[in-house]
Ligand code: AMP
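The chain below stands alone and is given in structure tokens; this is the form predicted on its own.
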């Protein structure tokens, strides 16, 4: 039985980024990771522009009180100045418009009074560069504006558009096949009969996959039958970079997954991890390098196993430099007294307290309790043995 850190290290040892692709910059690329630097093809802004509605002036002409300047033209955003600003002159200008030659500052219209072709400036502290966004202030031609390894977020779409990009070289989202096992399972649209329960792991793992940066493909329920299980898992291996199978990985008579995987050419690297919930957790690699995670059938165990082991693997395949999980230390929002035989990851919520963020343990009855897991936005990490802590004690937290 491996310790958590050793098991995660073994998983990551078999992970490497997928082959890159040319990704069109539609919203479908949101979250993909850039595989090459992005260079600016032009200066941005491509001209010095006004940051306010007002008047483009020479700062030196506005020294003293109530300078009166001749207005020589008006320039709106999208237009181009035709006249340079000389001594004693000003151009009426609007936000985003190019600064005319000769001008070195903008006076806001709130600090000026227009009168019959002239403007009286009532701001005596005008300085060069005031309310002017200089050419190339955001990016200059040839600058690296987004580095390889950058996830494409909403702001990145704007930067890429500014650099004239409609497609980029990026890492694809890993394809994740999801299979659940068990004679007792029926799908959500079926009313369970005696001895049956609805399949919660399939939808949950698909949702976790999306949040983790993968593309899920749900392949259905494998009954406790060797041929059926082999067929479904074989299909999953054929179409996936990562295979998630929930249930059937322990040592019971009906736990067929390890033998099926062996028959499919999967090399199993470990089968148990010293963690609670989720001790029976299998990791293997397929004949084409596919990553295979055999997660426990108990929903909370499957949830935790995904977050600790499968999600970091999906992130590495998707080109992320940092696999996670992300951990921080936060003070407890309530006292805690609990005994566990293994390091335990229990559901918790982040709570804004009077002096900052704290972590509140949630009511939870254990591995089968998905309802108790649902409100969690964090996992509270408890060491093996007696865990007793007062309010305010720092505790390790995995961010979800």
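Positions refer to the first chain, counted from 1. Bear in mind the structure is a predicted one, so any value in this text is a computation, not a measurement.
Not pictured, yet referred to below: the form predicted together with ligand AMP.
Q: Do residue 201 and ligand AMP share at least one heavy atom pair within 4.5 Å in the predicted complex?
A: Yes, residue 201 is a contact residue.
Q: Against ligand AMP in the predicted complex, would residue 275 count as a contact residue? Criterion: heavy atoms within 4.5 Å.
A: No.
Q: Against ligand AMP in the predicted complex, would residue 214 count as a contact residue? Criterion: heavy atoms within 4.5 Å.
A: Contact with ligand AMP, no.
Q: Using the partner position in the predicted complex, report whether residue 299 sits within 4.5 Å of ligand AMP, counting heavy atoms only.
A: Yes, residue 299 is a contact residue.
Q: Can you pick the one in 314, 103, 304, 180 that has a heavy atom within 4.5 Å of ligand AMP in the predicted complex?
A: The residue from 314, 103, 304, 180 that makes the contact is 180.
Q: Tell me, which of 259, 184, 225, 73 has a heavy atom within 4.5 angstroms of ligand AMP in the predicted complex?
A: In short, 184.
Q: Going by heavy atoms within 4.5 Å, which of 159-167, 192-200, 74-82, 321-329 lines up against ligand AMP in the predicted complex?
A: Going through the listed ranges, the match is 192-200.
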